[in-house]
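Just the one chain here, laid out as structure tokens, in the form predicted alone.
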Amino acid sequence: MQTITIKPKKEIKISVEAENITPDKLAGKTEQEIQSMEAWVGNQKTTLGELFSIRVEGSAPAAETKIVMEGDFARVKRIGEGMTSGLLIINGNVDMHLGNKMSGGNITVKGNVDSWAGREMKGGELIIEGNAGYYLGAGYRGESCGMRGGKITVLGNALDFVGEHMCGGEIIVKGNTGILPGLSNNGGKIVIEGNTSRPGSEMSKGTIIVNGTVDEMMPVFKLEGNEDLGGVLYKKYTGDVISNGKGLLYVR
């Protein structure tokens, strides 16, 4: 097992892009090698060593590498980008695009995460113990498919557009979400334990389950009756009926 501990050297006030922080890219490297790796502060190129203190214990392949990030990373973007294996634990807040396009491994955040977490995710697991921003598990601008596989769990709340253009995988939000979760979905599953508004607009495939209240229903869904899911009775809707969609929406 290799353990890599990363801490900010000082408060980060300008946006940082640090896509190199992933087990795939750091596994087997020494402290000096990791310190010399590229990062960006705004439009200025720098190194990980200029921004973070780095401690390395052991050496192992990515699947046996654990990265532990201690401190405030609220201005650090793209952590865990393209991750395929290993473990990433962040004890603090994180900026946008966490775990985007990841296909394996596990990311756990013991804080809040900004927008586009799990963007176009293909596999692996992302656990957010705080709140999530906009476009959780969605696709970026112009992408026809967002999350394709894997699992995202948010223990707090999430903002608007959860799982936009989702094509596969599973998103669970233990709290509330903003408007339009499951917008333009073409597959996958979204479970919202709390409240939401206008779920499933333009949905063609996939499943949304809401255990709280729906502030406003989209008029493009058709009530099919009631259905028992694991001993709980839900109202079952299908839609988007205007586009002959086969999406399923269950509201408790």
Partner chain sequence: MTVITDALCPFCGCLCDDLTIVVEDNKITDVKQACKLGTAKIMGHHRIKAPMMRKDKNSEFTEVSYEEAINEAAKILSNSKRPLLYGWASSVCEAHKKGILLAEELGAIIDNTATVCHAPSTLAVHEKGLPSATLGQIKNRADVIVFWGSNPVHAHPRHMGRYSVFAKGLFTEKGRKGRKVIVVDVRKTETANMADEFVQVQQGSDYLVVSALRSILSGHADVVPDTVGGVPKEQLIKIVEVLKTAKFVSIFFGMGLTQSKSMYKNIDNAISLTFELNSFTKCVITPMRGHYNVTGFGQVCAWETGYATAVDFARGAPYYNPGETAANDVLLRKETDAAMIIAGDAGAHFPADSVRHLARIPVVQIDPYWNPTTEVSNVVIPVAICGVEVAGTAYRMDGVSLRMRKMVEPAHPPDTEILEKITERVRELRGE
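What you see is a predicted model, and the numbers here were worked out from it, not measured in a lab. Residue numbers count along the first chain shown, from 1.
Keep in mind that the form predicted in complex with the partner chain is missing from the display, and what follows is about it.
- Partner contacts here mean any heavy atom within 4.5 Å of the partner chain in the model of the complex, and among 123-131, 150-158, 94-102, 168-176 they occur only in 94-102.
- Although the partner is absent here, Lys29 sits far enough away that none of its heavy atoms falls within 4.5 Å of the partner chain in the model of the complex.
- In the model of the complex, no heavy atom of Val56 sits within 4.5 Å of the partner chain.
- At the 4.5 Å threshold, heavy atoms of Glu193 stay clear of the partner chain in the model of the complex, well away from it.
- In the model of the complex, Leu183 approaches the partner chain with a heavy atom inside 4.5 Å.
- Of the residues in 164-203, those that come within 4.5 Å of the partner chain in the model of the complex through at least one heavy atom are, in sequence order, Glu164, His165, Ile179, Leu180, Leu183, Ser197, Arg198, Ser201, Glu202.
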